[in-house]
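Here we start with a single chain on its own, the form predicted on its own, put down as structure tokens.
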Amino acid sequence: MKLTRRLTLVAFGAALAATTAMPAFAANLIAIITPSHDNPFFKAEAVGAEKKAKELGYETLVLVHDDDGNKQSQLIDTAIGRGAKAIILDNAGSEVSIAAVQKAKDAGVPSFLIDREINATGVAVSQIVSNNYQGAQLGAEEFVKLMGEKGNYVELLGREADLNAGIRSKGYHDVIDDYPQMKMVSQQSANWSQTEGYSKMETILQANPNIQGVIAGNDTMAMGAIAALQAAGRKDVIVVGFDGSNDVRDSILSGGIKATVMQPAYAQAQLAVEQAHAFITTGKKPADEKRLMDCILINAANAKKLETFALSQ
């Protein structure tokens, strides 16, 4: 009998330990879901959102979907299951994310999107994005100026499923195509990746050794491109990026990459949390679902003022 009683107590203790080890249900939780923090842009979003949420008295659940639509859907299930009051989301694709955001809405969990739009309205409470077209035009104007309005160049595109990739490319070409002596000799997707930016640049350079410039859809691809060019001894090639990362700031200051365009990632994430707080506490929605925030050109003249996707005065 004593042995049986002891075994029962051990089993009860194990069950209790398993229960207490499970994730707690937070009564005042905001979920923050972004792509991988390996990209400093997405890390800045998560840091900014988490800081603002905690300032406003919320607990946070910070998750990463790695640009995988299925994983994103599972993470939204997790947020719903944990009783999140709101989701701050930099989504995994303009089409694939619609169902996931709708699922959250149907469960009574409002979503506040940052950085990337979805191809639907009325599903998320708000969509706060950088003015990618305006920013791309700024970057393209600087690129053309640096190139002396002529020469062979390469464009590295972002992920095809991301609306921002197409918007930025259009912004670039609406400026560059007005200069007949600017000739694009290659246009390839490097999927926002530094590794792919490096490998694609190596391949392009072998086929087109006479290039004078590279314009990239984001900073991570630009960093891959400049590394490949430097490895090939091509310090003469002008590289321009888009995002405004500290890595590119440092490259600009050391004479590598020539310019980028800063997106206010940190400010966007904090604004989304403020909107979520207003909605949670008062039911008030922003006046417009979609809000554009202008970008800022970063070059050698102001790079020293750049810190974590914000520009000091």
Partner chain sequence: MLQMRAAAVFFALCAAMTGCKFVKTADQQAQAAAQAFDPDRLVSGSWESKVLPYLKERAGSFEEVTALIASNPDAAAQKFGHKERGGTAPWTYAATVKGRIVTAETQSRAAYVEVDINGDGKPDLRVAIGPAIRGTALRDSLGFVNFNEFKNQIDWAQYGKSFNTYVNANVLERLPRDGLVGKRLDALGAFPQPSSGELPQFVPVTITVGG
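Residue numbers count along the first chain shown, from 1. Computed from a predicted structure; not experimentally measured.
Just so it is clear, the following notes concern the form predicted together with its partner chain, a form of the same protein that is not shown.
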### Query
For the chain shown here without its partner, which stretch in 28-36, 45-53, 281-289, 61-69 has non-hydrogen atoms within 4.5 angstroms of its partner chain in the predicted complex?
281-289
### Query
in the predicted complex, do Val129, Lys145 and Met293 all put a heavy atom within 4.5 Å of its partner chain?
yes
### Query
Which one, Glu149, Asp77, Glu202, Glu196, lies within 4.5 Å of its partner chain in the predicted complex by heavy atoms?
Glu149
### Query
Which of these residues, Asp178, Asp236, Glu160, Asp106, gets a heavy atom within 4.5 Å of its partner chain in the predicted complex?
Asp178
### Query
Going by a heavy atom distance of 4.5 Å, is Ile167 a contact of its partner chain in the predicted complex?
yes
### Task
With heavy atoms only and a cut-off of 4.5 Å, decide whether Asn119 touches its partner chain in the predicted complex.
yes
